[in-house]
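Quick setup: one chain, the form predicted alone, written in structure tokens, and binding and motion questions come after.
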């Protein structure tokens, strides 16, 4: 069994860093914190941000929403070299083709390569790097990374907001890591909260419903008790073969109550 497989998800996700180089808009920093937290990550690094107090900036806090903890714990570095000090595989996200530099992959290939890297080396660390809002990463920035990474986008308009780019990268990373550990990829529901209502209704409850139903039919003068014909036997067969749940019986009982109440109100006018 590999070193990766014996670690829990939180420890694995903690070995992935997201790095923003010279971010100038506090809102993007806050949005980035939110973006990575929604995917289960928490390590945000800021390289020479325009505002030194960006993690306390009101716009950053507003855009972080429920991810203020990630924002507050963001590490600030003077250089990208410092930010990548502990990483063993760094991906430079860029939309522009480069004549020189590391090998190129798309974001899904980057996630797969990251998974393999983390599985193979117990002390491995991944870094996802994005550049400034206006000009992206410089060639010098990219030279510090092991791979160039592209997000497949509209070739006629491939420029992504940096927080959006991190959201996509974090999603691909989550999908790869979560799938490898057998984590669910779909939202879960509290089954215990809905189990009782979804259970088949007992015969006793259905018989009580039939009695209530008959009262309601009489109240709205749909059923003439002096000449009932086959209305109630047919209703009984309908309800008995429908496999009603507890919630469905309660709903129909509510309909009966409303019918009887409205009939009485009309009778008093």
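Here the rigid core means the biggest group of C-alpha atoms that line up within 1.5 Å when the two forms are laid on top of each other. Residue numbers count along the first chain shown, from 1. Keep in mind it's a predicted model, so treat the numbers as computed, not measured.
Missing here is the form predicted together with another copy of the chain; even so, the following discussion is about that form.
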Self-check item: Interface residue in the predicted bound form among 212, 43, 34, 57, criterion: non-hydrogen atom within 4.5 angstroms of another copy of the chain
Solution: 34
Quiz item: Between the options 138, 79, 161, 180, which residue brings a heavy atom to within 4.5 Å of another copy of the chain in the predicted bound form?
Solution: 161
Quiz item: Can residue 251 be called a contact residue for another copy of the chain in the predicted bound form at 4.5 Å between heavy atoms?
Solution: yes
Quiz item: Is there a heavy atom of residue 10 lying 4.5 Å or less from a heavy atom of another copy of the chain in the predicted bound form?
Solution: no
Quiz item: Should residue 150 be classed as touching another copy of the chain in the predicted bound form when contacts are defined as heavy atoms within 4.5 Å?
Solution: yes
Quiz item: If you check in the predicted bound form, is residue 220 within 4.5 Å of another copy of the chain, heavy atoms only?
Solution: yes
Practice problem: With another copy of the chain left out here, work out from 81 to 89, 123 to 131, 138 to 146, 107 to 115 which stretch has heavy atoms within 4.5 Å of it in the predicted bound form. | Solution: 107 to 115
Quiz item: Listed by sequence position, which residues of 232 to 254 have a non-hydrogen atom within 4.5 angstroms of another copy of the chain in the predicted bound form?
Solution: 234, 235, 237, 238, 241, 242, 243, 244, 247, 248, 251, 252, 254
Quiz item: With both forms fit on the core, has residue 257 moved 2 Å or more by CA between the shown form and the other one?
Solution: yes
Quiz item: Has the Cα of residue 48 moved 2 Å or more between the shown form and the other one, judged after a core fit?
Solution: no
